[in-house]
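In structure tokens, one chain follows: the form predicted on its own.
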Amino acid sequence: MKSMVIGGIILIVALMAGTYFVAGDAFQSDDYINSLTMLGALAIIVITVFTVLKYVNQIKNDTASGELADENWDGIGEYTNPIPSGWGLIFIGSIIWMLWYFFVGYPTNQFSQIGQYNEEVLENNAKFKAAWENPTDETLVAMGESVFLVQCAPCHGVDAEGIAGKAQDLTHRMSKEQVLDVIKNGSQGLGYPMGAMPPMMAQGADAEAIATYVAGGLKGEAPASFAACSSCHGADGKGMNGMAPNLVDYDNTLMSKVLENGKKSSIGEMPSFKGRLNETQEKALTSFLNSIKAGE
């Protein structure tokens, strides 16, 4: 036991020296808090080391004793010894501390930095909405460009062309490849009233005809196979007033759904931006993307 105590003292000295080596610069100031912190570290290290030594010594030298319980399992029985008093006191003390902490030390209705931040965000959003209650189209486009450069450009590029195909080219509503991918695999997760689009709505030449027509902006005569799409998206492809995604333009409903839920596509997955933009900013982003569509 003597050698264990000596080893414990050496360990304590080594740990304190290591602590001072790592955080020694903090003790050059006159702030007494740093000294109290060091004293607390010493107390924790000493208590921990000697507690471990105590129980290691017990494991090495103590023998089981007491009255065996009547029950046993495969010949292995348990002693009816009472629980260690130290363990019991710590257990009861932890419950008392938990109740104190919950109701007195840090009750749920006390000050919270997160709560303060959320309140300030709501307040600033209300001021923003009031200041831009009736923006002009030019204002929306300019505001949307600013939002795009901060929130969207890291993936879609400052020119919105997708950085060499690594993200969707937003200067086109959809490419032919994307339309074919949606026809093949379906689309879900955007939360439209019409629900998810099932896979394999068309195949072969019919799928090619639909993809060419949609990627071209639904211009000219619609192929007969587009009837499978118009039942949800409407004959004009504009989503029947928000019931399904707009295949022609970026509209406010589509923008809100994509930002809230994210979007899976043939080129990867866009995460949810829920709560990051307010309603006016989403509307502005829609206006900006419509203003830069190819061919306009």
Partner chain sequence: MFHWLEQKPFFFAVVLFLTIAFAGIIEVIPDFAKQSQPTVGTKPYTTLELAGRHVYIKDSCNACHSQLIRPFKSETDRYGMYSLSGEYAYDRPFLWGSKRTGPDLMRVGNYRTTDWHENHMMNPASVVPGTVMPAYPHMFTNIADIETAYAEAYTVKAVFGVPYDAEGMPKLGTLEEAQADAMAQAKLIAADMKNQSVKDAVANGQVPEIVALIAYLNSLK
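Numbering follows the first chain given and starts at 1. Keep in mind the model is a prediction, meaning the values are calculated, not measured. Between two forms, the rigid core is defined as the largest C-alpha subset superposing within 1.5 Å.
Heads up, the form predicted together with its partner chain isn't pictured, but that's what we're talking about next.
Counting non-hydrogen atoms within 4.5 angstroms of its partner chain in the predicted bound form, say which of P82, G88, G77, P154 makes the cut. Looking at P82, G88, G77, P154 one by one, just P154 meets the 4.5 Å heavy-atom criterion.
Scan K54, K264, K257, K238 and let me know which has any heavy atom within 4.5 Å of its partner chain in the predicted bound form. Looking at the other structure, the residue within range turns out to be K264.
Evaluate K129 for contact with its partner chain in the predicted bound form, applying a 4.5 angstroms cut-off between non-hydrogen atoms, and reply yes or no. No - in the predicted bound form, heavy atoms of K129 and its partner chain never come within 4.5 Å of each other.
Answer yes if any heavy atom of F111 is within 4.5 Å of a heavy atom of its partner chain in the predicted bound form; otherwise answer no. Answer no; every heavy atom of F111 is more than 4.5 Å from its partner chain in the predicted bound form.
Contact flag, K219 vs its partner chain in the predicted bound form, heavy atom cut 4.5 Å: Because no heavy atom of K219 falls inside 4.5 Å of its partner chain in the predicted bound form, the answer is no.
Mark N125 yes when one of its heavy atoms lies within 4.5 Å of a heavy atom of its partner chain in the predicted bound form, and no otherwise. Flag for N125 set to yes.
Sort through 114 to 122, 182 to 190, 203 to 211, 137 to 145 and report the only stretch with a non-hydrogen atom within 4.5 Å of its partner chain in the predicted bound form. So the stretch in question is 114 to 122.
Going by its partner chain in the predicted bound form, which residues of 73 to 92 come within 4.5 Å of it through any heavy atom? If the 4.5 Å heavy-atom criterion is applied to its partner chain in the predicted bound form, 73 to 92 yields only W73.
Could you check, with the core superposed, whether the Cα atom of G186 shifts 2 Å or more between the shown form and the other one? Result for G186: no, shift under 2 Å.
Core-aligned, does T80 move its Cα 2 Å or more between the shown form and the other one? Result for T80: yes, a 2 Å-plus shift.
Relative to the superposed rigid core, does D236 relocate between the shown form and the other one - that is, does its Cα move 2 Å or more? After core superposition, the C-alpha of D236 moves less than 2 Å between the shown form and the other one.
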